[in-house]
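Read the single chain below, which is given as structure tokens and is the form predicted on its own.
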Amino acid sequence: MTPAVTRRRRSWFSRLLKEMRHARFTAWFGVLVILAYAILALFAPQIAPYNEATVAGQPYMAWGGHFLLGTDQLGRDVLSRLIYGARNTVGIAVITTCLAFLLGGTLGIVAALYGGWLDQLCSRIVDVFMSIPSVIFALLFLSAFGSSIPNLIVTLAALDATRVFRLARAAAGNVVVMDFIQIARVRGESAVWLIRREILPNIMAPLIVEFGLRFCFVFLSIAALSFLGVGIQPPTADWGSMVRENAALISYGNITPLLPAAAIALLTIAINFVIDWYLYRTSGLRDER
């Protein structure tokens, strides 16, 4: 790594710290929650007391002792499965969202840059996919081709790529008509150069915000599909399936099924707090004090 690159990274990091020093409490809360979830996801085998599929006790054991949050219907440690659920559910959501942005964002920017028949073809295909309810399409596809993790990722990524395409196309469409794009084209710059140096830097803010929102929707969709039995399959730990598997405990006043639901809600709220702060920071608005 060259000294110039090192200085740029340090400069970027120092600017970020300076911004965070003046950030709202909700932004700090969101960042800390996201970091905590990331640590759980990365180091789940080292943090969890048991493996996610290990039957360590009797079914439906009470909280306390060797099982801080009790056991599930098979005798697996609920705390361990919650920790592994962070790795599985959040990890798959991150991969799915990245794939959706790679596909939808690339097609949207290219369609806006070239226009014409390519823009019309991509837009009509996207319109067809967006006319189908996402959950129903996912249920049909996964029921027909199997509820494997690759199928789950591809299905949700294809569905969310349509939303990303619309945003990227609209944002890039406002940029490609600018004079500096026309000047770059006259200079003979390639499409890759135009996208990397001119278009992406000018539409990065809405794309980052959309990435956070898309992640939340994908995250909730994975949990919903798992709750319905066509998402992440046992014995892999997943927060949506954990709610379904332990739902009977609610009848006895046991809040164990609410723990994975609370984990889903907390991460969603934290991400929205960070998105709200990022929008505030990039909009140029300031609080009146």
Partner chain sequence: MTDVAEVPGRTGPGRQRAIVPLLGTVLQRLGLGLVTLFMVSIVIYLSIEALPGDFAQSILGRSASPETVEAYRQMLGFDRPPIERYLSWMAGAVHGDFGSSLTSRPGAVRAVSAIIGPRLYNTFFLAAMTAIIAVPLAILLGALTALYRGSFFDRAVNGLTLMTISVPEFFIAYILCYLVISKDMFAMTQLGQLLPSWLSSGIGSVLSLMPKLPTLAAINESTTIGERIWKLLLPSLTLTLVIIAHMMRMTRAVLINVLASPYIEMGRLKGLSSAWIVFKHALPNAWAPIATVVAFNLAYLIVGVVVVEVVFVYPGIGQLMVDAVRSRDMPVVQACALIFAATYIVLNLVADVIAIVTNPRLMYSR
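Residue numbers count along the first chain shown, from 1. In this text the structure is predicted, and so the values were computed from the model without any measurement.
The same protein has a further form, the form predicted together with the partner chain, not shown here; the description that follows concerns it.
K.L.:
Select, from the options 131-139, 184-192, 207-215, 77-85, the stretch whose residues sit within 4.5 angstroms of the partner chain in the predicted bound form by heavy atom distance.
P.N.:
Looking at the other structure, the answer is 131-139.
K.L.:
Spell it out for me: taking the partner chain in the predicted bound form, does every residue among 224, 247 and 269 have a heavy atom no farther than 4.5 Å from it?
P.N.:
Verified in the predicted bound form; spot residues all in contact, yes.
K.L.:
Though the partner chain is not shown, can you say which of 27, 232, 243, 44 has a heavy atom within 4.5 Å of it in the predicted bound form?
P.N.:
Partner contact (heavy atom, 4.5 Å) among the options: 243.
K.L.:
Would you mind picking the one in 220, 31, 53, 38 that has a heavy atom within 4.5 Å of the partner chain in the predicted bound form?
P.N.:
Answer to the contact question: 220.
K.L.:
Quick one: does residue 180 come within 4.5 Å of the partner chain in the predicted bound form, counting heavy atoms only?
P.N.:
Close contact is absent here: in the predicted bound form, residue 180 is far from the partner chain, nothing within 4.5 Å, heavy atoms only.
K.L.:
Taking the partner chain as it sits in the predicted bound form, is residue 264 near enough to touch it, meaning that at least one heavy atom pair lies within 4.5 angstroms?
P.N.:
Yes, residue 264 sits close enough to the partner chain in the predicted bound form that at least one of its heavy atoms falls within 4.5 Å.
K.L.:
Even though the partner chain is not shown here, does residue 251 get within 4.5 Å of it in the predicted bound form, heavy atoms only?
P.N.:
Although the partner chain is absent here, residue 251 would touch it in the predicted bound form, with heavy atoms inside 4.5 Å.
K.L.:
Is it the case that residue 116, even though its partner is missing from this view, gets within 4.5 Å of the partner chain in the predicted bound form, heavy atoms only?
P.N.:
It does not: once the partner chain is placed as it appears in the predicted bound form, residue 116 has no heavy atom within 4.5 Å of it.
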